[in-house]
Structures are given as structure tokens and as C-alpha cells.
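The chain below stands alone and is given in C-alpha cells; this is the form predicted alone.
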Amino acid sequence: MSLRDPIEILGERFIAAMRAAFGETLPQNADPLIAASRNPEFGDFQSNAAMPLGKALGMPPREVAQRIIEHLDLSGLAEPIDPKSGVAGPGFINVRLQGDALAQLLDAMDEPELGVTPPAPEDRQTVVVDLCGVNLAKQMHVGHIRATVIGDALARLFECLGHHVIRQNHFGDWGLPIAMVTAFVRLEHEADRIDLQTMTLDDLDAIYRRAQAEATPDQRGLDAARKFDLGPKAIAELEEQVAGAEEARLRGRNTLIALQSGDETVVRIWQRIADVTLAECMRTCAQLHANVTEEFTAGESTYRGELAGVVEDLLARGVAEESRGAVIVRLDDAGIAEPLLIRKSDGGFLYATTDLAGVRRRVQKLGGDRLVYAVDARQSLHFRQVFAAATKAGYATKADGRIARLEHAAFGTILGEDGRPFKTRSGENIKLSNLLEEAVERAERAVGEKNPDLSDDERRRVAEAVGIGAIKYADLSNDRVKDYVFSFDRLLAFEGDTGPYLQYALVRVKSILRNAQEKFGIDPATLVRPSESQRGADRPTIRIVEPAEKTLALELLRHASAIASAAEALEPHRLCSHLYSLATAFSGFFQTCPVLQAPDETTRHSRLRLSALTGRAMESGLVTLGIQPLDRM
């Protein structure tokens, strides 16, 4: 990324000054510690390096600060620092940037990429993002929001930076629970109680619960009935339930064997269940404006032919070992006390086996340099074990010897306003599509009150963008590892740190540009999408004079680094924070620096360019988060 963020430029200048001042005595890990100033009266930025550096060098921090200032070159960037008054407190070095320097940086940023420079071919990575993670025969519920929204946003961040991204929807379509559902559907179909062609995911969701319930023996209840002699009727009923549960489980195991062996009838029913599930999943993802398609879906079933080979490979190379009939991978050398179980004593495979095969495929076949898993934080130990085992097995090692980065983008739980996991009043999971529909309906009422002149079609279109965007922003703007409280009233507010507020800020920018064309004949295209022929002297000069202009300029120049840091840390909320600060800065600029009513043409054109650049950065950021930008609200 090109150095257009003042913090990065100042960091380079300060490091150069520190090396010149202290030579070989400068610690190798010396950091200029550049940060935005807490008090704008003292400057725009400050370096806090003198305190830790003074401790390392055995010198008073203020003397360290003075030495740094003596060698600091701020020409063309900031106002000179007075060696006597430029140090505050115990050794803070305050820096005030020049308006002309900010204008030049903004002019350099004012290009289609907005300062985000694609990596050189040798630095371009293949990033595989695990997201969504739906299960066969089950509706997407509110718990799927985070895996889908966070995963999609991370994928978009890496795409924005110019990396090759491969999404993987890890579809839970294999194993005994799935076989039990398949067996149940087969029974219902053969009894003419369900039509395979017309069955819905709601039908399958209900069947899944029934199949699980029927296959769960109430052994504790039977033991209690016998212990306390509850009578022959109660005991007989419980004995019948336990026997029925065992029969259901046996039917499921036999169906799984038939499925694994390719039985035509069983496979046909299973495939129909999968098709119904995925069709509804894709519809919900499209409703959520998340880029998740069938192309990106990799079911657990696609690994079924690889699992035995994975276990045998690990045993043959001594990576795994047998233990009481099971197969495990010990991870003591990775600092993990719990071994990873990859085959049970009855010969069955586990999620860990599939995930090991997944790492191998994603690195060896898909060429992944970085594997990111957007999965619930409760799976943290599982992924620590899988990643350690995959690395130990060499599955994470690429052909050129480099080891892929394996990362768990863990996230917390969505809570209701009562502080408990967000569910219906009856305690059931909330169907995701219902939640999205309610968000759109609430947004439509709010948009109608705010702008009653919109047509019905336009109001519905805006409401969909606002409602869905509000839900996504509420999720992404929170630190992903933390739980957060879901509140329609808060997330749909048009003020504060919300999706609608950001969308409205962009709408305000676009309104200014439209008015500029109507009143002054200024084509917004010359401000929004500069081409090579429009660069240089032919374009209005940016001038940074007023404090609000400077505040806006400084936030704009954070755009590229905000995207880069959000991707590197796997934290979309960093980009959300930048966009909210940018919208807030623009609001202050709009209120104190008239654009269309500027005192002269030069100032008007400068402020129009600032507005256009803000609009482009806002739109770029919203799209990168997967939130639909709007022209009107």
C-alpha cells in the first residue's frame, strides 16, 4: 500500500530521525509510536516514543525527544517543531500537519483505487474464507448471521486489497444425524405422507427435530421409573420409547451405510434434501446481500472419500497413533494438552477428520496462502487442535515450503435485550429469513416517515437496503469476538453509529453533487471518477484551510490503511469505525464549511472535491462491508 496515511509517513520520518540521533544504540524494535493527538490544540499527531526509548537508553525522555527533533525532517509535511517548546509533558512530540501537504496527499489519493494499491504479483495471496456453514435439512437461523456476514466481509476486504479470494460454505451434509433424517424422509415418502418434489425446508426442519427426538432414548427416565417403581404402564411406555430410539438409530446407521455405498434410492432422497436446503440457503444469502453461492459450497460429503486416507497417512508417518482402539494426534509439542481425536474406536470419523482433510484440500489443491474460518468462538479449542495437527502433518505446507496461515476468526453470540442468547419467546431459534423480513418492514415504515414522497417501489427498494444494511452493520461494527445485544430500535436509527446513518451520509454527499450540477453546471463525473485526462491543472485544486476541512482530510487519508488493518487483523469493525468517523467528520464539515454557498468559486470547487472524495470513500467502504449504498433515502 502506498504511503498516503500521514501516520505511516510520520512513522518513517521519525524512524529515520531516531536512527540518525542514536545510531547503533537504537533498539532494533524501536517504535515511533505515532498516534492522533488527544488534544487538537497541541497538534494533529504526537510521538510517544521518547518514554520507552529513554528507558532503554538510560536517558531522560525529554532529552531523547530533543535529540529526535534535532534530526527530524518534516519538510513538505508538517510545521517545523520548536526544539524548546515542541516537547510536552514527559516527552511527547507534537506535530501539526500543513494544509498544503494534506491537499497534496488527498490529490494523490483521488484516484479510482482511493490509495489502495494492489499487491505485486509475487505478493498476491490466495485467501480461502470459510463462511456461512449451514446444515442439511435445517433452516438458517439468527445464529448464522455472524458466520455469513463476517465471513463475507472478510472476503470482500481481501478482494478490495487485490488478493485472490475463494469462499467455502462448509455444508454439513454428512454423518449419522443426516442419515437419520434421510431415513425418516424415506419412510414418510414411502407412506405417501410427503412428496419429495414439493417438500420445503420447513418440512425438513420439522423432520430433523422429530428424527433427533425419536432417536434419543430416555434411558434416565426408564431407570428412574424402575428405581422408584412408577408402575407397569409408565415403565412399559418408557421401555417402548427406548426400544424405538434404538430402532431409529439402527435405521439411521443402516441408511448411512447405504448412503456411503451409493445406494441409488437413498442417494436420490439425500440429494433432494440437499437441493432443498441449499436453494433456501442461497435465497437467504441473496436476501442478506452476501456473496455466497452454490459454486462456493463444499459439503462434508465431498470429503467422505478422503477421510480414511487421511487417518492412514497420519498413522503411517507417525503423526497419529492408536489409543484404546481410537486414533489420535498428540499436540503437546504445540502447547496443547488435549490430543485431537480423528477416528473413534468404532471406526467412525469426526468433524476434526473432515477439517484436517479440508486444510489439506484448501492448501494443496486450492493453493491457499491464508485460511480464514469465520466460526463461533465456542469452537476455538477445536480449531487450535486442527490447525496444530494440520501443521504437524505438513498439510499446511505449500509446494514451495511456505506454511499457510491458518486463522480462526472467532465471533461471539448475538444476545437479546434481556442479555440472553437471542431467541423467540418460546425459546426457539429465530428463523433468519423472518428476521430479515421484519428488518425490511420496520425500515420501510421509518423511510416512509422520513421521505413520504418516495414511490411505493422506491420506498421498498430503499427499505430493503436500509433494513438489511442495518442488521449487517450492527454485527460488523462490534468487535467480532464479543457478544452484542440485538435491538431493532438501535440498529435502525438514522443517527449514531448505525448502518442507516452511514447510508444517509453518502446520500447527503450525492445530493450536494447533484445540486452542484443543477446550479453551477459542474459535472459530478469529473469529481467522482477522475480519469487521466482530468488530472493535474484541469481539475479544481484542493485547499485545506478550515479546521473542519482538516479533520475531514485526516480521516479520508486513513481510508486505505483502515481497509488494510481490518483485513490483516480479521476485524471488520476497524473499517466500520473509520466509516463512522468519516461520516461524522463530513457532518461537521458540512455544517461549518458551506459547499454550494462557499464564498468564492475556488473554495466551492475545493469543497466539492472533498465532498466527492468523501462520497467515494463512503461508497467503497460500504460495498466492502457488503452494505448497499443508496442515491436517495
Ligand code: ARG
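Predicted, not measured: the structure shown is a model, and the values here were computed from it. Sequential numbering from 1, following the sequence displayed.
Here the subject shifts to the form predicted in complex with the ligand, a form of this protein not shown in this document.
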property	result
Proximity to the ligand in the predicted complex, single hit among Tyr373, Phe92, Tyr473, Trp270 (heavy atom within 4.5 Å)	Tyr373
Heavy atom within 4.5 Å of the ligand in the predicted complex - the one residue of Phe383, Phe422, Phe488, Tyr484 that qualifies	Phe383
Contact segment among 134-142, 552-560, 491-499, 100-108, judged by heavy atoms lying within 4.5 Å of the ligand in the predicted complex	134-142
Heavy atom of Asp130 within 4.5 Å of the ligand in the predicted complex	yes
Any non-hydrogen atom of Gln379 within 4.5 angstroms of the ligand in the predicted complex	yes
4.5 angstroms heavy atom contact with the ligand in the predicted complex for Asp355	yes
Proximity of Tyr351 to the ligand in the predicted complex, heavy atoms at 4.5 Å	yes
